[in-house]
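A single chain comes next, written as structure tokens; it is the form predicted alone.
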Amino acid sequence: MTDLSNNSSSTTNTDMLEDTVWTQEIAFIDSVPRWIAMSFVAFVFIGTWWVVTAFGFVSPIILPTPAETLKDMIFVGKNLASGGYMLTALWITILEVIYGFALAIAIGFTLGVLVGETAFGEKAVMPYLVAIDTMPKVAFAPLFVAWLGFGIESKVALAAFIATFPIVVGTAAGLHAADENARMLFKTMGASRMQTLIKMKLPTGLPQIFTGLKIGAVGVMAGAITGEFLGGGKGFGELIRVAASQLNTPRVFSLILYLSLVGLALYLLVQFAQRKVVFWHKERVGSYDG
């Protein structure tokens, strides 16, 4: 009788334990591998594109067919592979992006430390940075051209101008992410302000800093191309402008797609650096793991 009572009690406890254990159910759409999901989205997008153009819903002057775009992409790819004028233009744009991103990192990190580490920066500098960032960036392109000329300098300046603010915000947020107990520990051990910044705040804030870098990496390409649109130049932006003026929309689409590959490469480079530097932090959003 006692054994039956114990078995019954054990069974009841087991059932109650199973009922109270929380398990997360994974939806089917979340269990699909990344490459399958991306292929499906690409198939739907290209299929919709083909239907819209094949049945004449949109004029081919405005939207070329996928086949025309692919044909032009092959032409552009051959020109790039053979070292033609498009390769020279692409290299100029890449230099503008690299120089602009490096300048944005230098300025953004410096201002981010000033804002995140000092009350003066947070109270006096940050409001002006926010006010400047809310202004339309395109409106500054003629100013940079007037100040720096029609060369690569004005495009680099505009690219850095667009990419700086996310880095400032990411750096400042990262410096504020340090745990209060860790701050008190460093203060108790007699660490100086610089030692606390270098050994505690910066390592703790690296995930937020790299988030700002990735956002800046996306925006720096737009800055360089906008500068070429409005300020002349010899890069891919100028080729796009000329193709658009000739209503050569397949060429415009193919050049934009190649530029997107350059932007994606820069983003993945920053993400690769994040994995090597911030190896202890697992990021779910914005990661391109399989």
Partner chain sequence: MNTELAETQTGAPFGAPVYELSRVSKTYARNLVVALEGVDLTLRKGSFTSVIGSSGCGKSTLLKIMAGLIPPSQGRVVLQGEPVTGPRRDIGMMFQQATLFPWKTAVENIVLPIEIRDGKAAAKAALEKAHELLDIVGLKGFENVYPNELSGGMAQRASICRMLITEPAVLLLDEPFSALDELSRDMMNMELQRICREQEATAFLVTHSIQEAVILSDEIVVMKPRPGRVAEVVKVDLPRPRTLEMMTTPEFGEIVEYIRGQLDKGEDM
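Given the structure is predicted, the values throughout are model-derived calculations rather than measurements. Numbering follows the first chain given and starts at 1.
Omitted from view is the form predicted together with the partner chain, to which the following refers.
Colleague: Can you pick the stretch from 184-192, 69-77, 87-95, 209-217 whose heavy atoms fall within 4.5 Å of the partner chain in the predicted bound form?
Modeller: Only one stretch passes the 4.5 Å heavy-atom test: 184-192.
Colleague: Under a 4.5 angstroms heavy atom criterion, identify the one residue in 173, 114, 200, 103 near the partner chain in the predicted bound form.
Modeller: The residue in contact is 200.
Colleague: Taking the shortest heavy atom distance, is residue 272 within 4.5 Å of the partner chain in the predicted bound form?
Modeller: It does not: once the partner chain is placed as it appears in the predicted bound form, residue 272 has no heavy atom within 4.5 Å of it.
Colleague: Taking the partner chain as it sits in the predicted bound form, is residue 204 in contact with it (heavy atom to heavy atom, 4.5 Å or less)?
Modeller: The answer is yes: residue 204 has a heavy atom within 4.5 Å of the partner chain.
Colleague: Using a 4.5 Å cut-off on any heavy atom, which residues of 245-280 would contact the partner chain in the predicted bound form?
Modeller: Read in sequence order, the residues that approach the partner chain (within 4.5 Å, in the predicted bound form) are 279, 280.
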